[in-house]
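We begin with a single chain expressed as structure tokens, specifically the form predicted alone.
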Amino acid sequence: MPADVRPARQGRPSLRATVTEQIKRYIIDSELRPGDPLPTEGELCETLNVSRSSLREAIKTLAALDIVEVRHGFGTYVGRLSLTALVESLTFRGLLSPTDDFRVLLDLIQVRQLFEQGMATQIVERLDVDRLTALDDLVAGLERCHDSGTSFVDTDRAFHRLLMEPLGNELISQLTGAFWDVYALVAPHLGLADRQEETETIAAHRAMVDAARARDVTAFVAAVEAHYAPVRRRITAATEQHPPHQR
């Protein structure tokens, strides 16, 4: 590689990265919101003083991150700013090297547990009668899935999203959904399914609802702890059977 090329790669951001940051700064400075249209390609090129090819490459990067959305035939819009890219990255990591990445699941579980226990007071205070009834129905759905031997991934996901809904915190809701998506996709490939775990998990879900209905924060926190305990044990056992880097 020529000497004058290597320092440029190491010392300066690429042109695509520079234009990407320019577009992000434009969105912020213009106070655009999700769903708002961006200027046309020609207008953006003139405003940012960049070429069309550089702009298009940067737009591709931002679209992959859901920062912008390209609607063919209509234009480019500010995206939903979701955590899709994070979900896909973590999922791929876990699937690519499962024996090395039991840690991924433990990290995800820790984050989910941190949210639910850390926000326990607010969750318990804000769950109204209608939501508690809906959570009861979801627990009943978990029991039906368990009895029939079918997956309750979707029902479990719905339970935790409804649990966090009263907080009204979009970031927490997105992170909760993202981490659940990653866990649900990776766990089956790591052989973590266990009927006894399901029984304990369902009981913990029921205990969470009962504690919330009783406005008992301490009992709610304990139920969340019980919910994650079985899968923690399972991951520990799997790690002992398949130590990292053992191929």
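From 1 onward, residues are counted along the sequence shown. Keep in mind that this is a model prediction, so the values were computed, not measured.
Just so you know, the form predicted together with the DNA exists too; it's not on screen, but the next bit is about it.
- Mapping the unseen interface onto this chain, F92 falls outside it, with no heavy atom inside 4.5 Å of the DNA in the predicted complex.
- By the criterion of a heavy atom within 4.5 Å, R56 is counted among the residues contacting the DNA in the predicted complex.
- In the predicted complex, the DNA lies within 4.5 Å of some heavy atom of K60.
- Interface membership of A237, defined by any non-hydrogen atom within 4.5 Å of the DNA in the predicted complex, is ruled out.
- Annotated contact segment (heavy atom within 4.5 Å of the DNA in the predicted complex): 63-71, selected among 197-205, 63-71, 25-33, 214-222.
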